[in-house]
Each structure stands twice: as structure tokens, then as C-alpha cells.
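We've got the same protein chain twice here, in two forms, each standing alone as C-alpha cells: structure 1 and structure 2.
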Structure 1
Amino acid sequence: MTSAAHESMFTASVHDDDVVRVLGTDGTLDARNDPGLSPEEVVHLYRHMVLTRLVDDRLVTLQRQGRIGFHIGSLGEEAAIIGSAYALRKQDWLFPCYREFGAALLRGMPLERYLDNMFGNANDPVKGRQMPDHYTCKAAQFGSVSSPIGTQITQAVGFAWAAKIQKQDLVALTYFGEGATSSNEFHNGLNFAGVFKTPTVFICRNNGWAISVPTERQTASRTFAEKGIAYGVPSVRVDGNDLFAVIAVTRDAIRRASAGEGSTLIEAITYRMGGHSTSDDPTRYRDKSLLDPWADRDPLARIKRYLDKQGWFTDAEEQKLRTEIDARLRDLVEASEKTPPPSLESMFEDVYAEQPWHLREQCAELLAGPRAPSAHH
């Protein structure tokens, strides 16, 4: 990307209409900020987005059938999540919120392990200790999902800062929703990042809603991006449903961080097309008509139109892909569901590196006592 384009993307003030966009809703590309993906890359990413969406679908069904307890998905936000994760270099790290399983899978988390987490079974990376969608994958340089809003933001700053102190060229990218910009952690994170010029990339998924609370209840600022500017952190707004634009701005932010120019706040404008989670009924607070303008901007459909124009991925290939994913999910879900729960002893492990006397005692007490009548699995 040329430096002129770079300057046009990160401005000193951020206006409503300064939204970086590359892929038109009609499937055409704007050459100015085109990240220059090869046909194979686009097809690869599209396939991954389809996988993400089908996994989402399946998990909602499993929750409705009472086979898993919960799911929090990324319907409509796939481009913001997968595009930014794709822009990362091998050495970079991810500090997730809870909607980014698509990024974890893209970075190498095995789908099996993700599904094991959904069932909280003995093979779950977090040993059945956390809710579904609260997993970890260190091998993929993917942090540990936690529910409390915003906590990952400052941690990503510290991680990146440590790398800077140790003179390692790596970037820590962190995800959060626009609701999290109201949290202490957002302000602490941006402030520290600004003061210490840490190589952090902040991705604010502005999906319009924090459960039932709309964006105007989170801020009176015109944009979320401009909050970065107050902290001396260059900021950009991007069409979060545009895979190409998300990749372009994230790559640019990584380039800046790597060059010692510090952090960037990216506001990815997208829309939460589903409920907040399977526990939520959005019809109680959100008029269905609000979804209409976003249907057209669906991140998958947009790429598909582009692919159609280029002739890189036929409908037959798409059908085949969907059938394959379906079958694979059926097998993997069955395997995860059959996997037994974690052992009783595992409940007392990892509290400390070494188990102190009182946990040994409590574990022995549990093992010697009667079993609970209604374990979930």
C-alpha cells in the first residue's frame, strides 16, 4: 500500500463519512485500498466464512435442542473478524472477546477442540470449566476468552508492550464490541497504548448493539474511532462487512505497529444480525426492519458476488462445500457429544501450579462423597 493511501486511512479526526471501503455491495473492487489478494486467498477466506456461518447455525440448533448450554455467534460479523485475523502475521497474537471463533479456527484452532468446548467435555481445551465459547488456543497464539467485558483490551496492550521491551517484532490484536468502549479497560488500554506506543491493534466491532442497548447509549461521540484520537492513538473507520477493506486497514495498522509507530484503533462498522446470544430474544427490543439495510451488505453475499464476477468459485463448488461442512460437523458434533465429561479430580487442578493441602483434602472429600443427582452431561 502506498503511503498516500496510508495517510488517507488514518486521519487526525474521524468523520462519519470517512469509512474505508473496497468491495462494493455489487461485487466490484475499489482499487485505491485493494489489499491485492490472489484468487486462492479470496476463495480460501470465503470458504472459511461459510464454515463459520454453518458452525454458527449448527450451534444455535444444538442449543435449541438442549444439547449444548449456550452459544454466542458472529452472524453478520464474519468479515470484520476473519479479515482482521487474516491480516495478522505468523508471529502476531490475538486477544479475543467472545465472538471470534472464526478467527481462532482460521489461526489454527482445531474445529474438534472448539466443539469440545461447546460440550464442556474431557477434551475441551479449558477442561469443562468455562461456558461454551469460552476457550483458549495458545498454539494458535489465541488468548483465553473471558466473560467480563473489556478485560482483554489492557492485556493486549501489556503483551504488545512486553514484546516491544524485549525487541520482538510482534503485534497483539484485540477484539471488543462497541459496548466495551464504555468500560474502564478500554480507556486504560488506549491510554497506556498511546503513552507507551505499544504495537497493539484495537478492533472495535461496532455491531450496533450491546445486548439490547443501542450505540447511542454507549457514546455521545459521533464515532467510536474518534475516542482513539483523544488518547493519541490513530484511528480509522472501516466497512466491517467488507473483507478486503478490513484486511487492508488491519495490515496497515500492523505495518505501523511493526515500524514502531504504535497502536491503531479500528472501528469496524458491522451489524449483529442475530440475537446477542442464544439466551437473547432480539425481537423484544429491535424492530426487524432494522435488519433490512444490512441484508444487502451481508459480508458473505458480497464476496460471493465478487467471486461470481471473477468466475473463481461456482455455485456447484459452493454446494459441494456446504455439503462437506455439513457432514463434517455431523461427525465432529457426534464425537464431541459422546466424549465423557472431565474427571472430578480435574476440578481441583490448575487452581495453582501445585495443589495445596486444602484442595487435596477437598478433592478427596468430593471423591468419597455421593455423586450429584443431576449432572448436566
Structure 2
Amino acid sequence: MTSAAHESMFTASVHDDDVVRVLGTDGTLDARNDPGLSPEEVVHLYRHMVLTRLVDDRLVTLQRQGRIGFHIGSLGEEAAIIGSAYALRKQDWLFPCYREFGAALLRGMPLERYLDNMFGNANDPVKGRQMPDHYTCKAAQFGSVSSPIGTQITQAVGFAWAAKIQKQDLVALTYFGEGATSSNEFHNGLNFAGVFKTPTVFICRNNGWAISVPTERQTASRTFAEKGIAYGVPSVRVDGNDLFAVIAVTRDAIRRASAGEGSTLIEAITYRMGGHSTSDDPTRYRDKSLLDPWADRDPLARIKRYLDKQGWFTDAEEQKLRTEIDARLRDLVEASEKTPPPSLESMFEDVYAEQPWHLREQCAELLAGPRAPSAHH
């Protein structure tokens, strides 16, 4: 199949009859699935989506300038990520893939700590032990990012299973791309969740590409949602660029899980407008013209059109917001760049509750030894 044929088929899928939609092209909401957000909530979420987009843009620039080493963005997927994270309750936990920094910030991770992770400095929550965009925030109920495909799926199921055993009203939500449905972890996680009815919400961000591999190379099934049927996990498809629809279906999945009815698999149909990461060149496998239909479906533009129709957020307010975010990012990036790297002794921390003698001995020997002639500690 050619790239153009793939795009045509994938783009058409978002219009399928079984896809949940709320926000119409005319800026009206379908009352059947309207989550009932207040004007303040919509403005709050739009402001956060703009923040997420501008942080993305800034980090790509920093990587191109050689100031950070790597970034995985969420360009075009903000509604699927922000909407589902907003649907969570305070006690619920989120197990990320690697594009969900916007969800971490929405849940309470300080922006300065996220930027510290990008530089791997002494204030980095993971103390420079991971590559950029591999962060965590316990206070935000946000699990740790790791690179292996799909591992977060079984982690979320295990966490939810433990909560069920302890009779805690807690739901674990996990994100993954459609490529992860080809992993062992997807099978193990969905099967266990179906058998034991764990309170888990699986969100498959079907963005059309697993790096350079198109959706039709991942499965012969008509949809990714229908894969839940074999595991006894109810499934739903949603327009992933429709913030209102994403919130509605995620809230319903959380309600089911909280009521003891088990897990739900959500296929959010969205589109990866950029590369897989700053290490990827999508023009090698995707013609730029194929982005045009999805540019019209840009989740930020759709919400802004709705806000304009309602008169809730003016262009002047938009410009003020962007100016404020730009100034804040400049200050925070400057502070992160000036922060020293993690201490040497931090390598021996966070493994044992009480540090054993041999690690104390190794740490002391390291600190007393000679330093290599390097700009790095």
C-alpha cells in the first residue's frame, strides 16, 4: 500500500459510525455524549493545551540547538492526552507511554521539574539517570516512563489488581500507541485485566504510525478497539482530536472500573503531526501534503473555534497567554541550564531503604578517587 493510500484509509476511519464524537465542525456539541464542561473548564483545558504545544515547540528548538539531547512530542495528539488525563479522579494513577508530559503537568508535575529532566540536572526527578522525557512524579500519581514498548501496560494492570485486592477505589489508566498492540505486554495486560476484571483504562493512541510503520502493518483487524473483545474487555472508539468526546468516554470507563465492572479499551483516533521523536525524519516515509486533512482537525484549532463561537476566550487573551508562556519558558530554561549536574553520590541512592555497607564503601571510594579531566562531573 502506498503512503497516500494509507493516509486516505486512516483519515476516513475517524468518520466511521462507531466512533464517538461530540464537537461538530460548526462548533456545536452533540448532547448525547456532551460531558457538560463549564466555560471555566474549557478555557482551563485550552490554556493547558496551548502550554503543551508551546513547550513542545521550545524543546524541539532546544534539541536542534544542541542544548538538550532528545525530545518526544505530542503535536496533534493533545486532546487525546489532556482530555483523558482530565477525566481522572485525584486518587487515580496514570501509567504513561512517553508522549504524555502534558498529562503530567495537568496532574500537578511542576513545569520546572519537567524541564530539569530534559537537562538531567541536580533537580531532575530521576537525577539524570534516564534519558530526556523519561520522568516521573509521585505527587501527581504519574508513573515512571521507560523506553521498552508496552511495559507500562502490565504495570498498570498489576497496580489496579493490587488496588482491587486492597478494596481501594482507584483506577489505573495507561497510554500506549497502536504499535504496542503488537507487543507481548499488550496481550498479557489485556488478558489478565479481562480475567480478573481489574479497574484499568487502556488508551490506545492510534496516531497512524509506529515510528515509520503504518497502522495496516500492525494488524489485519478493522480496528484496534475490537482487540479487546477476545480478552473480554469492552472497547470503544473515539475521535482522539475531540477533547469533549475523549473526556466523555474516559469518564465512562472510569465509572465502570470504579463500579467493579472491569477494564475498558479506548482507541483514540488521532494523528502524529510531527516525527516520532527529534531523532526521526518523517519526510523519509510520509509526504508533507498528507498532513493537510489532519491540520484541519488540529485539536487546538477545534477548541479555539468553539471558544470563539461561545465568546469565552478572545484573540487578545490568546496572545497574552502565549506571551506569558514564552517568557516563563525562557526563565525556566535558563534556570535549568544553570543548575549543576546530579551529585556523584546520588548514583547510590533510591535503591535500598537503608543503604548497605558495600554501597557506602563504594561511594566513599568513588568520592575520594581522582576525577577524569572533563567538563562533566
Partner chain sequence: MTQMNMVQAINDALRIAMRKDERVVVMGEDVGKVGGVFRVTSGLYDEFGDARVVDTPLSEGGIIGAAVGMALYGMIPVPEIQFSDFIWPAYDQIVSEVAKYRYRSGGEYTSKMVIRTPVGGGIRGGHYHSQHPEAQFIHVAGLKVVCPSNPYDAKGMLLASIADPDPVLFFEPKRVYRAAKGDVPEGEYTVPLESAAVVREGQHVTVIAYGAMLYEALDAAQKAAEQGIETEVVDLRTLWPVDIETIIASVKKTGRLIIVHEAPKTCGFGSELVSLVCEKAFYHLEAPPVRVTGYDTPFPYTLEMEYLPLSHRILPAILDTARAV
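Residue 1 is the first residue of structure 1, and the numbers go on in sequence order from there. Take the two forms, find the largest set of C-alpha atoms that superpose within 1.5 Å, and that set is the rigid core. Because the structure is predicted, anything quoted here is derived from the model rather than measured.
- Taken from the form predicted on its own is structure 2; the remaining one is not.
- Relative to the superposed core, D315 undergoes a C-alpha shift smaller than 2 Å between the two structures.
- Once both forms are overlaid on the rigid core, the distance between the two CA positions of E349 between the two structures is 2 angstroms or more.
- Two rigid parts make up the chain, and between the two structures the smaller of them rotates against the larger by 12 degrees on C-alpha superposition.
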